[in-house]
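What follows is one chain in structure tokens, specifically the form predicted on its own.
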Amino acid sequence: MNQQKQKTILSGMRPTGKLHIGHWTGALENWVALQEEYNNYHLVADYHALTTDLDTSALHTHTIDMVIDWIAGGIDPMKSPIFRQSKIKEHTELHLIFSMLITKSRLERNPSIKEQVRDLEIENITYGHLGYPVLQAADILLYRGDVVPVGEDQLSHVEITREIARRFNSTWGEVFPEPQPKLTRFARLPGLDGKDRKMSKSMGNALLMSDDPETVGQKLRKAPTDVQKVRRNDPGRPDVCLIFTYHQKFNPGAVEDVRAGCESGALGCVECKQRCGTAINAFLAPHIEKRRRYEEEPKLVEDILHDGEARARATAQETMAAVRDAMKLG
């Protein structure tokens, strides 16, 4: 067996319901590719969701919707266990132990925390929010994660995990690997509002992976394009156009033709959007078809979660047995 296939990756998302195409380009596409090379665990981070929203009334529905999109997008639950963080109690136990190994000042220096406080306009950060990188470290190390796929802006998270693993190992003995970051260039897909910010359901600028062709067409028709291209025959600037960005991802074979038509003025924005919508709908069609099966039989999703949780729990219990043995906790 190829040694690389033995390495383990844990990836996860907070359950926010149905995914949009930005989730695909930013994470899910990469996860699907990685499951061919690594042992992957996929975490529904429902405890992490509490750091920014204490309303749990829709958590289960959002979890099911998100997991359906994972599976429809190509995650194979037979290869890669899918499970809810809250169903594996060892996450909280290891989090507690790890919280003894890092200082408050170290967590306050985490640049991601500073950005979240700014972006979410948080006045009083909670203990749980400040310490979420510690819970994240427990998530990764509970499954002896060897590799963490991240963008450059998330390297600080991996470093905290590595620091905690080193501190534990030097204090009580070698139990955990020091996970290596796997730098990945995640494509940042801008939202439909053209305001140079990422796609987000909360901002109302998202194309969902479950949107039907009519909905895709309606959303694209409202999307802004190059402000200097007012009339059909006006020359355009594709590199500043939101729709051209979508062409590059979902209609790559036509990119040069679209560029030439836009720059010459031969291709109007209405037709350009129609072509883009056709390409996006062709990409989404098999996803929507597969998604329909699980929407009609939600018990299949519950069964997948229960199976994934049983497999993840077995690994988590094995890790915690090694932790307690090393710490001589009995």
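From 1 onward, residues are counted along the sequence shown. Source: prediction; values computed, not measured.
There is another form of the same protein, the form predicted in complex with tryptophan; it is not shown, and what comes next is about it.
Engineer: Give a yes/no on whether residue 10 approaches tryptophan to within 4.5 Å in the predicted bound form, heavy atoms considered.
Structural biologist: Residue-level check for residue 10: yes, a contact with tryptophan.
Engineer: Considering non-hydrogen atoms and a 4.5 Å limit, does tryptophan approach residue 226 in the predicted bound form?
Structural biologist: Result no; residue 226 lies far from tryptophan in the predicted bound form.
Engineer: Would residue 139 count as a contact of tryptophan in the predicted bound form, using a 4.5 angstroms cut-off between non-hydrogen atoms?
Structural biologist: Yes.
Engineer: With the partner left out here, check for me: in the predicted bound form, does some heavy atom of residue 20 sit within 4.5 Å of tryptophan?
Structural biologist: Taking the distances in the predicted bound form, the answer for residue 20 is no, it never comes within 4.5 Å of tryptophan.
Engineer: Looking at 242, 189, 160, 148 here, can you tell me which has any non-hydrogen atom within 4.5 angstroms of tryptophan in the predicted bound form?
Structural biologist: Of the listed residues, the single hit is 148.
Engineer: Let me know the one among 250, 83, 132, 176 whose heavy atoms come within 4.5 Å of tryptophan in the predicted bound form, would you?
Structural biologist: Checked against the cut-off, the match is 132.
Engineer: Out of 292-300, 38-46, 57-65, 263-271, where are the residues with a heavy atom within 4.5 Å of tryptophan in the predicted bound form?
Structural biologist: Among the candidates, contact is made by 38-46.
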